[in-house]
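Just the one chain here, laid out as structure tokens, in the form predicted on its own.
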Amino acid sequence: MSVQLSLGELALSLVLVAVAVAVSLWRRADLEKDLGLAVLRSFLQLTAVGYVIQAIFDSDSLLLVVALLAVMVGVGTWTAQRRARSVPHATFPILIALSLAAASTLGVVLALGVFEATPRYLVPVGGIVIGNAMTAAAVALNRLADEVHAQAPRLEATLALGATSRQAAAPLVTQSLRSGMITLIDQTKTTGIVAFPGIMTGMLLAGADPVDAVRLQLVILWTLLGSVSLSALLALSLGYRGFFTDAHQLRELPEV
């Protein structure tokens, strides 16, 4: 079974967005332009991506899958770097973190035989992982920047007593890792109670057996939890170094 929607039916789904616009006007929240832009961008971007994915599915080329995932990693890196602009030289750590998250998750699910190595499975799973890794890395690095600025005097005192930059930054990295992971952990804890995750929902709409949908979703959730944790840790482990010189001194921090 497949779900087919006409453009008219698609337009009707904007009724709740219209309600949100009305509420914004009523409360003078000035969100109308942002809501309109969000709707327009989501339509254009998803439509374009839909045609690209269809072309990749038709070609059945793994090289095109790798190319698409590389583009996703690049855009995700750029987006996360903009969010973590207070972290010096954050681009490379984020790039490595997102690449590792995608590679490790796809490697595990393929090794376990959960999916076949075809575009139909690799593209959506890779996209889910990269998106979550991007969010976790950006949040964790942002928290790290805030902590470094807030605790700069303590860091300098610790360094003056002979600690290395790694030793001085270790507590901040730990706190930042918790911040980056807490959203995904909470989502995993409440899965099936507060909300149904995307893959499970898609399988149910497609007519799959609920038990099969649940088991597949659990595989994705658990591998996602592990790989995103590793990516956030890697982004922090590499990213904190940008705040220190090679001589283990705290760099001059920009105003935030």
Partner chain sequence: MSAARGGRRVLDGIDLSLADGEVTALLGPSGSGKSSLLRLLNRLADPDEGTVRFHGEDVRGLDPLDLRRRAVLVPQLPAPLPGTVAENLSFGPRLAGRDVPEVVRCLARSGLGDEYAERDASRLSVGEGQRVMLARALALEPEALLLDEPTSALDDDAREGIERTLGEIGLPMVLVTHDRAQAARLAGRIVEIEKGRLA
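Just so we're clear, the structure is a prediction, and the values are computed from it rather than from any experiment. Numbering follows the first chain given and starts at 1.
Heads up, the form predicted together with the partner chain isn't pictured, but that's what we're talking about next.
Although the partner is absent here, Ala117 lies well away from the partner chain in the model of the complex, with no heavy atom inside 4.5 Å. Mapping the unseen interface onto this chain, Val15 falls outside it, with no heavy atom inside 4.5 Å of the partner chain in the model of the complex.
Contact check for Leu159: a non-hydrogen atom falls within 4.5 Å of the partner chain in the model of the complex. The partner chain in the model of the complex is approached by Pro153, whose closest heavy atom lies within 4.5 angstroms of it. Proximity to the partner chain in the model of the complex, taken as heavy atoms within 4.5 Å, picks out 164 to 172 from the listed stretches 92 to 100, 123 to 131, 72 to 80, 164 to 172. Along 64 to 84, a non-hydrogen atom within 4.5 Å of the partner chain in the model of the complex is carried by no residue at all.
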